[in-house]
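One chain follows as structure tokens, the form predicted alone.
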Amino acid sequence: MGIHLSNIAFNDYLEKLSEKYRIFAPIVKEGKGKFAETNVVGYGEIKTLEEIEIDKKSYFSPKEIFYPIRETLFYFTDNKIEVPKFEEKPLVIFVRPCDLNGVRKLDTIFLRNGEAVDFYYKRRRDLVKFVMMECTEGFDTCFCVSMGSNEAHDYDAAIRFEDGSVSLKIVDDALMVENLDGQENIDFEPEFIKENKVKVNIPDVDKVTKETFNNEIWKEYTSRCIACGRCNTSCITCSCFTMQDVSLSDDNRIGERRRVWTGCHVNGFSDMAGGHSFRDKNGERMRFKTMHKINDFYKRFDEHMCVGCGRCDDVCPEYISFSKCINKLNEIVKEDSANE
């Protein structure tokens, strides 16, 4: 069962909800685009429905809200370590189905990838509730249907934006507020996109061979990729970080340890002591990312890591298309299998 609310009534709901939660959604950030005097759609805190950008895909994913780009893990002195406090007010985040699937895969990495649970991720993640925004049209670069991420059902609430009103389905009673009493009850179940403009065919993981890793296709990306890392930082499922010890005193006896986002395309990501690097060439980094997203993660967790949001295609300054890379790889694997 759902609730039908006018935009005015929904703003009243948000106002009441904000007494308990900080509320985040995709918004237009004026003057923050990649060119001068241009805007970008990213995640920010909202108070009203009118602030939510419904018609455009966000340039960045919502992960930065609960997995900060830079986070101090602890401060240290001679003989003392202190974990910093953080904002503990619970969060409500409006997300599309693909991103909700992406969050589940981040949870897998940080919470279910072995015996150790990531303390810093968990303490923020436990505070988050998700409102899934119905998405039936998608955008030009989306391929969520091919990746099976067009539908999500583990939301705390779902919403459909209509002309002058919204339909709301609340699953978690924690998101109920007093002023919803007396509103119109309706039958509402969110719908999902059934077909994207872009389609990908994923290679059978059992047919990917060593020869696939050594194929000439990866050399193309050595000449095109500039290792800016935008595809990593915009991706909802990229989770890698690096560590930094920062001195806060002249005698280096007081400092802090941070973790900071990084990614497989970023220079220095695979560098080791002694100057050795696993993946010097940018094509090798593209190969690593591709295989991690559509091959290795599947072998370990029985689902592909990529959710097909298409943000990596949107943000690449060299117009490298990940969806086309997947399709090229599929053709290579099919051809190699036919020649066996």
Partner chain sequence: MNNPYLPQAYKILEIRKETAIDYTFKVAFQGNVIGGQFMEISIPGVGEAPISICNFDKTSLEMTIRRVGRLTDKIFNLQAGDSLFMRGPYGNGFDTNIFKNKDVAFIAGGTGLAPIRKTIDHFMTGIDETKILEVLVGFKSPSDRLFIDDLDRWSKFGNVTVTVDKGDDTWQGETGLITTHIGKLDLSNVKEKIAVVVGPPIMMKFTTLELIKNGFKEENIWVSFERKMSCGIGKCGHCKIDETYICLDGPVFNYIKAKTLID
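From a predicted model like this one, the values you see are computed outputs, not experimental measurements. Positions refer to the first chain, counted from 1.
One more form of this protein should be noted, the form predicted together with its partner chain, which is absent from this view; the next part is about it.
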Self-check item: The unique member of F76, F188, Y155, F161 whose heavy atoms fall within 4.5 Å of its partner chain in the predicted bound form
Solution: F76
Self-check item: in the predicted bound form, the residue from R123, K219, K89, K199 that sits within 4.5 Å of its partner chain by heavy atoms
Solution: R123
Exercise. Decide if the three candidate residues I109, M243 and H276 all line its partner chain in the predicted bound form, where lining means a heavy atom within 4.5 Å.
Key: yes
Exercise. Give a yes/no on whether R259 approaches its partner chain to within 4.5 Å in the predicted bound form, heavy atoms considered.
Key: yes
Quiz item: Does at least one non-hydrogen atom of F288 fall within 4.5 angstroms of its partner chain in the predicted bound form?
Solution: yes
Quiz prompt | Close approach of H292 to its partner chain in the predicted bound form, 4.5 Å, heavy atom | solution = yes
Quiz item: Any chance F139 has a heavy atom within 4.5 Å of its partner chain in the predicted bound form?
Solution: no
Practice problem: Go through 199-207, 127-135, 170-178, 233-241 and give me the stretch that gets within 4.5 Å of its partner chain in the predicted bound form, heavy atoms only. | Solution: 233-241
Quiz item: What residues, if any, in 261-278 have a non-hydrogen atom within 4.5 angstroms of its partner chain in the predicted bound form?
Solution: T262, G268, F269, S270, D271, M272, A273, H276, F278
